[in-house]
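Take a look at this single chain in structure tokens; it is the form predicted alone.
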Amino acid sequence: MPEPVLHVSDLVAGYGRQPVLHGLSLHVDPAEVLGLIGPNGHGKTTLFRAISGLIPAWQGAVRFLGEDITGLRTPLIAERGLVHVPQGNHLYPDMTVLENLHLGAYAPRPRKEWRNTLEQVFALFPRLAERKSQRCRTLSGGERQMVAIGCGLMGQPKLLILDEPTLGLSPRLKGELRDAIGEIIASGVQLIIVEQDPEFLRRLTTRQVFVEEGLTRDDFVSGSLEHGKIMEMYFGMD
């Protein structure tokens, strides 16, 4: 079998002296789109931070495209094509849309092709092309999320991590963003997506992993579980 694109094994990480991940393992196979679900506060965001080098791994290993990237600094991980778009977009509010997108292509590899990538981002999010000279603090929440994902795409990811991309958005904007993420997947970019909406993940992902108390508890093909079963996993409903 081909080697996983991403392989996380026995990962322990946390904050201060308090572990949040307790030996978590998961993998992303070639051509797979992985969804993560589970209650808030159980380690999904911490997992992404540890994978992308924002916090150190205390134990365990992270391998990306066959290379051990455990302990690498975040810019070196992003340069290799593993790009993380964190929850609650972290933009420079007093810079324009275009300036923020330029920063997404800071690494040497994507910097060479930034103009072509920018055209692709504007084709995916035409609203950003219309607002390219606008300061990000003046954008709506949905537009800011488009910029955040656009910044991730400017890094020319081989694997793109999206942490709750539709958090706080209206149903209409959520639908628009779902369609855009579908186009990103169709272009050949692999994704890991965290969402609290099981239906959103079902439409986009090939497999889902349930994370609870810093561990992966269940692993299932998208669409194989009914909504009621997923709610039971979340809340322990009978």
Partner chain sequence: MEWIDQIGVAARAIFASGLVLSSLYVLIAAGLAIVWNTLGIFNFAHGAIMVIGAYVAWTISDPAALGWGMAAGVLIAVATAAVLGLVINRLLILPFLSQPNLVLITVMTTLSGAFFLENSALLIWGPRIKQLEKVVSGNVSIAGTAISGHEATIIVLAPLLMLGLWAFLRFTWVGSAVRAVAQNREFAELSGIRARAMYAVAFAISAGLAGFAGVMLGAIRFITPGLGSEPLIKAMIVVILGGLGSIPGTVVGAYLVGFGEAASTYFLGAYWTQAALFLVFIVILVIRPNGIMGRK
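Positions refer to the first chain, counted from 1. Remember, predicted model here, so these are calculated numbers, not experimental data.
The next section is about a form of this same protein that is not shown, the form predicted together with its partner chain.
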| said: Within 4.5 angstroms, counting heavy atoms, which one of the listed stretches 44 to 52, 177 to 185, 190 to 198, 27 to 35 is next to its partner chain in the predicted complex? | reply: 44 to 52
| message | When the contact criterion is heavy atoms within 4.5 Å, does residue 163 count as touching its partner chain in the predicted complex? | response | no
| Hey, in the predicted complex, is residue 146 touching its partner chain, heavy atoms inside 4.5 Å? | no
| message | Is residue 156 part of the interface with its partner chain in the predicted complex - any heavy atom within 4.5 Å? | response | no
| field | Heavy atom of residue 121 within 4.5 Å of its partner chain in the predicted complex | value | no
| request: Could you list which residues of 39 to 78 come within 4.5 Å of its partner chain in the predicted complex, counting heavy atoms only? | output: 49, 52, 54, 73, 74, 75, 76, 78
